[in-house]
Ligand code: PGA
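Take a look at this one chain, the form predicted alone, written out in structure tokens.
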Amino acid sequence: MKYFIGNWKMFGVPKSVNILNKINYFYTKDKNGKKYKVIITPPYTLIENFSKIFKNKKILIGAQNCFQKDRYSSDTGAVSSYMIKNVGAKYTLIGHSDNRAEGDNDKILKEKVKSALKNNLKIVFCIGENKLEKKKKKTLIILKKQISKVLDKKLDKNNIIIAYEPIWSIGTGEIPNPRELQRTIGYIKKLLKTIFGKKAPPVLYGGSVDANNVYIFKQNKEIDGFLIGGASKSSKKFIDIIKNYYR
């Protein structure tokens, strides 16, 4: 099973549902539709509305983040995984580089992961190195730390997906060299097997994915799908990625 996950970031109002309606219409008719899942993570403000609209349809709705404390707390502006689950979300991103930059350290991320899984959310755990770390050839060291400090074998691996997003690639149009990417994803999968055993969680790629370069990623058999940013805000661009992947 492949995954096409759209991260809307700070985008969308109720009428933006038209974008999802078009994606869902395509998805329902697509002869390859049984081979993949489409998950969209709109902002918190749209989760309940979109979850209701797509309750019996094919698209799944997720959140872009969750707070580390469970259920309720006195933290202003915080939204817990318990609250997200209760308005219909099925997934949540955790550890996106935007949130890491805002202070999400390994300890906080570990709490978020535990809380989300406890509330029966599937998690998409984001990892990735920045430009300087890449330049210093520290990519694998960074990824190992990001994974091993947060994930452990006691967690339910069936509800975990990993998204490798090199920070230097997000929104820049730059993508990793295919051979290097193959090695990196292979390394991540090997590391996950040492934690979770033979059937390890799937590994997605994210960072400047579009309809023109998706065929390059398609050659890499290690990639289990994509976390798509900018292109997911347009139904045409998102659908074209899927079409070109299965072309």
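In this text, residue numbers run from 1 along the sequence as written. This is a predicted model, so every value here is computed, not measured.
From this point on, the text means the form predicted in complex with this ligand, which you will not see here.
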Counting only heavy atoms and a 4.5 Å cutoff, which of 145 to 153, 127 to 135, 104 to 112, 166 to 174 contacts this ligand in the model of the complex? 166 to 174
With the partner omitted here, the residue among 65, 182, 208, 51 that in the model of the complex has a heavy atom within 4.5 Å of this ligand is 208
How about residue 20: is it within 4.5 Å of this ligand in the model of the complex, going by heavy atoms? no
Should residue 9 be counted as a contact of this ligand in the model of the complex, where contact means heavy atoms within 4.5 Å? yes
This ligand in the model of the complex - contacting residues of 223 to 242, heavy atom within 4.5 Å: 227, 228, 229, 230
